[in-house]
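Consider the single chain below, provided in C-alpha cells and representing the form predicted on its own.
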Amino acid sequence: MLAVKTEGLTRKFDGFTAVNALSFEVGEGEIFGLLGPNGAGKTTTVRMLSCIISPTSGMATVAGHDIRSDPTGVRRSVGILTENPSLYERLTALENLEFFAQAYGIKESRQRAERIRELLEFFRLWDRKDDKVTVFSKGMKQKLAIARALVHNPPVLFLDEPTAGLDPEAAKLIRDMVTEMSGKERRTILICTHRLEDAERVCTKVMIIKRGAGVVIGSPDELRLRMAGRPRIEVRVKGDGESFADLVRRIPSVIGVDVINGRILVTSKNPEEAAPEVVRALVNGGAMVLSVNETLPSLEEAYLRLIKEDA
C-alpha cells in the first residue's frame, strides 16, 4: 500500500520553478529520503505534501487523501518537523505536548495523558517533563519537536533536516529513533536532508533531487551499484596512499585509481584477478600493505558523481 504518491508535482514562485514535475512513490512503513543540496526543492516538496502551500500543477496523495481536494484529511494524517523546532520555550516539555495535543483535537484528558507519557518515555524525556524547554540541549529540543509532530499519532511523518546542527551523539540518537519508529509502528517517514550519513543509515529508498527535479531514485545500495558497476579493490597501506598510487596506475588491468582518506581505491574489469597484481606492485614498490578488500563506493561518492553527471 502506498502512503505517498506524486505525479508531476510542480511549484513555481514568480516564474522560478522550485519543484519541477516530481514523481515518486513511498510505501507504507518505508523510510524515504529526499536527498539534495540546499535549494534543491526538498522543503518546498514537503510543504506541498503537507498542504502548507498548493502545487502549481501535478497531483499527490498522502495516506490516501488528495492534497488538492482533501487538504483537511492530509493535515490529520501527517506530522511535520520543520527546520525550526517551533516549541514554546517558556513552557515545560509536558505543557508543550499538552498544548499541541489539544490543538490537534485530542479532547479526552486521559487519552492525552497516556499519549504524552508514551512519547516522552520513548524519546527518553520523561524525567525532564517538568523542565522548561529553554534549558534543553538542541538534541533534546529536536526529540521533543518530533514528539510534538507525533502527538496525534499520524501514519505519515515528514522530517526536514532532523539532525541539522546536532553533535554526532545526538544525531545518532535521532537516527536510531527514526529507525525504531518505522520498524515498531510501520510508520511512513519522509526525510529531507543533505546529510548523506542520515540517508545512508536510515533510508530504505532515496531520491536525489537537484534544481527541483528528480535525478535518480533507488535504495542506497542500488545507487552505489549504478555508479560502481562493479566492486573496487580497497587497499590500506602504511603511510600516505597517494605516494604509492602511481605504482597501481601502471598495471594494465587497472582502469582507475582514487585515493580517499588514505585508502587506495582501484577499479578493474576483474577485481579478483587484479588484486594480487595490485598487492605485488605495492610491495615491490616498498609499500607495507595493511589490508585488501572488495568494496562499493559510499552513497556520498555516488551522490557527488550523480550531481556532477546531472550538471
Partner chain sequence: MTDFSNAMLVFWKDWREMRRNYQVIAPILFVPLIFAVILPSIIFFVPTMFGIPESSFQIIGPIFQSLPPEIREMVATLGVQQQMLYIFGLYFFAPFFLIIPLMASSVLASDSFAGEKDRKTLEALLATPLSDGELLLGKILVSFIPAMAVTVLSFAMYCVVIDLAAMPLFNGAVLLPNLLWTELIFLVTPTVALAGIGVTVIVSFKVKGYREAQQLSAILLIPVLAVIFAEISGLIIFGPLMILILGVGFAALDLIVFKIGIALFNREELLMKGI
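Superpose the two forms; the largest set of C-alphas matching within 1.5 Å is the rigid core. Given the structure is predicted, the values throughout are model-derived calculations rather than measurements. Residue numbers count along the first chain shown, from 1.
The same protein also exists as the form predicted in complex with its partner chain; that form is not shown, yet it is the one meant from here on.
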**OP:** Could you tell me which one of 52, 259, 59, 279 places a heavy atom within 4.5 Å of its partner chain in the model of the complex?
**Re:** 52
Subject >> The single option of 186, 236, 132, 124 touching its partner chain in the model of the complex, heavy atom within 4.5 Å >> reply: 132
Original post:
Are all three of 166, 179 and 200 close to its partner chain in the model of the complex, meaning a heavy atom of each within 4.5 Å?
Top reply: no
Original post:
Could you tell me if residue 80 has a non-hydrogen atom within 4.5 Å of its partner chain in the model of the complex?
Top reply: yes
Subject >> Non-hydrogen atom contact residue 263 with its partner chain in the model of the complex at 4.5 angstroms >> reply: no
Subject >> Non-hydrogen atom contact residue 113 with its partner chain in the model of the complex at 4.5 angstroms >> reply: no
Original post:
Wondering, does residue 76 line up within 4.5 Å of its partner chain in the model of the complex on heavy atoms?
Top reply: yes
Subject >> Interface stretch in the model of the complex with its partner chain - options 190 to 198, 87 to 95, 170 to 178, 204 to 212, non-hydrogen atom within 4.5 Å >> reply: 87 to 95
**OP:** Select from 9 to 32 the residues with a non-hydrogen atom within 4.5 Å of its partner chain in the model of the complex and write them out in sequence order.
**Re:** 11, 13
Original post:
Quick one: once the rigid core is lined up, does residue 110 have its C-alpha move by 2 Å or more between the shown form and the other one?
Top reply: no
Original post:
Has the Cα of residue 92 moved 2 Å or more between the shown form and the other one, judged after a core fit?
Top reply: yes
